[in-house]
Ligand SMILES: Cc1cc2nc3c(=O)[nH]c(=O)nc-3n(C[C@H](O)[C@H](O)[C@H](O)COP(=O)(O)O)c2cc1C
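Next comes just one chain, in structure tokens: the form predicted alone.
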């Protein structure tokens, strides 16, 4: 049975040109769904796939003679391109330097992000890996400061109507149901957010998205792998850094616009097509701060299995 997404619910078609097939078997080895098999020295479509072709494109990418094509699930043979030369790829040292230079930026110069850079960020983010193709990541782009500020204003009004969510009586009522850790997080982080976001906005201070010149909201659909929007947002953030932009991930917008009639109205007004298990805002702009040093970060734990 084909794996459904918001974009397609059909499997892809596998087209084989036997006259070009040399029987090398590389396509069979690369297919993790067992869609292909060898028969009489040629590749053919298998009668026993797991799901049916999901259009990962691996078989097309390894075939040395272009004997196999995939059509469907938002993929065509025209989407195949030659890989960049290894010499053009960043080595580990240069990649680590880029990542070490990145800081979360919340103060931006009053300078627009050029359209070509917006397109470059999106181009890079679309290379992000996904659970099952085609990608079910959706992106809302707020491409100038006015749009970003208007979103913050309307989100502040929306959030004001939810302030009961962080009231003492509600937190006391819910503590037995969501446990100690969630209670601590609600009291120490979520409750203050209502004050910072709403009260500051009423004073003309935008602490929601910092009036950044550019913002992107990455979210999924009911079919999406929950990790996909987060990975795509991370790729976009790294791309922004490579283009000389400051970036910051904003995690406190997505959860509040998911579950309620008002949240549905808010999403619809802003062209957000689905509620999503996971999602993330990233803001971009030319940074005001000029950091000279970095801070070493660490994981909570690294355990090697012996």
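Positions refer to the first chain, counted from 1. This structure is a prediction, so every number in the text was calculated from the model and none was measured.
Just so it is clear, the following notes concern the form predicted together with this ligand, a form of the same protein that is not shown.
Contact segment among 64-72, 42-50, 269-277, 246-254, judged by heavy atoms lying within 4.5 Å of this ligand in the model of the complex: Comparing against this ligand in the model of the complex, the contact stretch is 246-254.
In the model of the complex, the residue from 104, 127, 97, 90 that sits within 4.5 Å of this ligand by heavy atoms: It is 104.
Option touching this ligand, based on a heavy atom within 4.5 Å in the model of the complex, out of 151, 158, 210, 194: It is 210 that has a heavy atom within 4.5 Å of the partner.
Those residues of 283-300 which, in the model of the complex, come within 4.5 Å of this ligand by heavy atom: Going through 283-300 in order - heavy atoms within 4.5 Å of this ligand in the model of the complex - there is one hit, 297.
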